[in-house]
Every structure is written in C-alpha cells, then in structure tokens.
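Before any questions on how it binds or moves, here is one chain, the form predicted on its own, in structure tokens.
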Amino acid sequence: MGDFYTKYEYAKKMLETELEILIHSFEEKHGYTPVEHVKSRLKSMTSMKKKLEEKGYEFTKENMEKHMNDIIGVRVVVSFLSDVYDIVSLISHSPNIIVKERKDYIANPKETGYTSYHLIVLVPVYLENMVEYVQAEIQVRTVAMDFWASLDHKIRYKFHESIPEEVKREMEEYSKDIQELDKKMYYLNQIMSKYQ
C-alpha cells in the first residue's frame, strides 16, 4: 500500500500548491483575498478501511479508488457567500484541475441543514514516464457554514447517524439561522463595497 499512499500524498501537495497559486492570483487581481483559511488532509488507512467496510466493500486499492472520492480532502473557508462561487469558478477554470462532479448543498441543503459546495476533482500526478489523475474532494464554504458543518459532524458522530427527530428539528432551525446570517453578511459586504 506504500506506493498507493505516496501517490495520494503527491496529489495532495499538487492540489495545495495549485490552490495557493489560484488564491494568490485572485488576490493580486482583485486587491483582497476572500479566503479565511485552507485545510487539507489525507484519510488514514484505518479510516479508509472502516469506510469501505461500512459500504460493504473489501479493503483493496481498487475499491479505495473506485468507491472513495475523499481520500484527499481540502476545505476552503471564505468570508462571504458570493466568495464561495468565486472560488468554485476559480477552481473550475484552472488548467491543472479537472472538475468531475459538483454538489451544490448551498442551493440544495442536506436534510439536516448542512450547506457547502463540493467539487470532486482530478489532479494530475507526474510519475515516472506517465501522468496519473488522482481524485480529491474540495469543499468550499463560508465561516458560518464551517461552524455549522463542525456541529453537524459532532452530532452525527454522537448519535451514529440515527439522530433523534427532536434533534433533527432543532438542527434544521439552527441551520436556517446560519443561512440567514450568511445572507446578512453578504448584504453587509455589498454595503462595504460602496465605500471602497
């Protein structure tokens, strides 16, 4: 499994570097950076094994590549709602990243109220005498969405996916509050832009 994992480490570095360049060029062009922070991780072998077993698959390289989109995970956290779509556009137009799939959970939130924009991308890894495209997941969200996603994850972990109805209802309500806050912050940003 060593070579397999090394390939993903290379792909993670390639993706981190490409995102850093894209964000820096955006900042130079527009005079500000919309990004609060970028966080990336590589799923551990233990975590991959557990996820495959939960899905009913044997722990093999082939199954990892076929059934897991998020061996590499990158989260880009931005200030305002409009920044999410600016960053998604930036990534989509990069000549070094191929967007394979899009999931707009902002336009279509999950039932718990989770919101974020997910991209499944292919990243080129230059190996000896060949180029291989490695899959990764990029999540783009606002600070408010990131706060909500963190709570959503903790609640799901605590209840092992079978969340009581009362908790689900509260989560949905609080999610609406978070979405409303993002709209207000976007409006504030529009007002501020008049004075720049």
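Numbers follow the displayed sequence, beginning with 1. What you see is a predicted model, and the numbers here were worked out from it, not measured in a lab. Take the two forms, find the largest set of C-alpha atoms that superpose within 1.5 Å, and that set is the rigid core.
Below: the form predicted together with a small molecule, not depicted.
Enquirer: Looking at 35, 149, 64, 134, which has any heavy atom no more than 4.5 Å from the small molecule in the predicted complex?
Expert: Going through each option in turn, the one that passes is 149.
Enquirer: Which listed residue (39, 30, 160, 55) meets the criterion of a heavy atom within 4.5 Å of the small molecule in the predicted complex?
Expert: Looking at the other structure, the residue within range turns out to be 55.
Enquirer: Using 4.5 Å between non-hydrogen atoms, is residue 156 touching the small molecule in the predicted complex?
Expert: Judged by the heavy-atom cut-off of 4.5 Å, residue 156 is in contact with the small molecule in the predicted complex.
Enquirer: Using 4.5 Å between non-hydrogen atoms, is residue 85 touching the small molecule in the predicted complex?
Expert: The answer is no: residue 85 has no heavy atom within 4.5 Å of the small molecule.
Enquirer: Do residue 79 and the small molecule share at least one heavy atom pair within 4.5 Å in the predicted complex?
Expert: Contact with the small molecule, no.
Enquirer: Should residue 100 be counted as a contact of the small molecule in the predicted complex, where contact means heavy atoms within 4.5 Å?
Expert: No.
Enquirer: Decide if the three candidate residues 110, 114 and 139 all line the small molecule in the predicted complex, where lining means a heavy atom within 4.5 Å.
Expert: Verified in the predicted complex; spot residues all in contact, yes.
Enquirer: With both forms fit on the core, has residue 69 moved 2 Å or more by CA between this form and the one not shown?
Expert: Superposed on the core, residue 69 moves its C-alpha less than 2 Å between this form and the one not shown.
Enquirer: Taking the rigid core as reference, does the Cα of residue 47 move 2 Å or more between this form and the one not shown?
Expert: Yes, the C-alpha position differs by at least 2 Å between this form and the one not shown.
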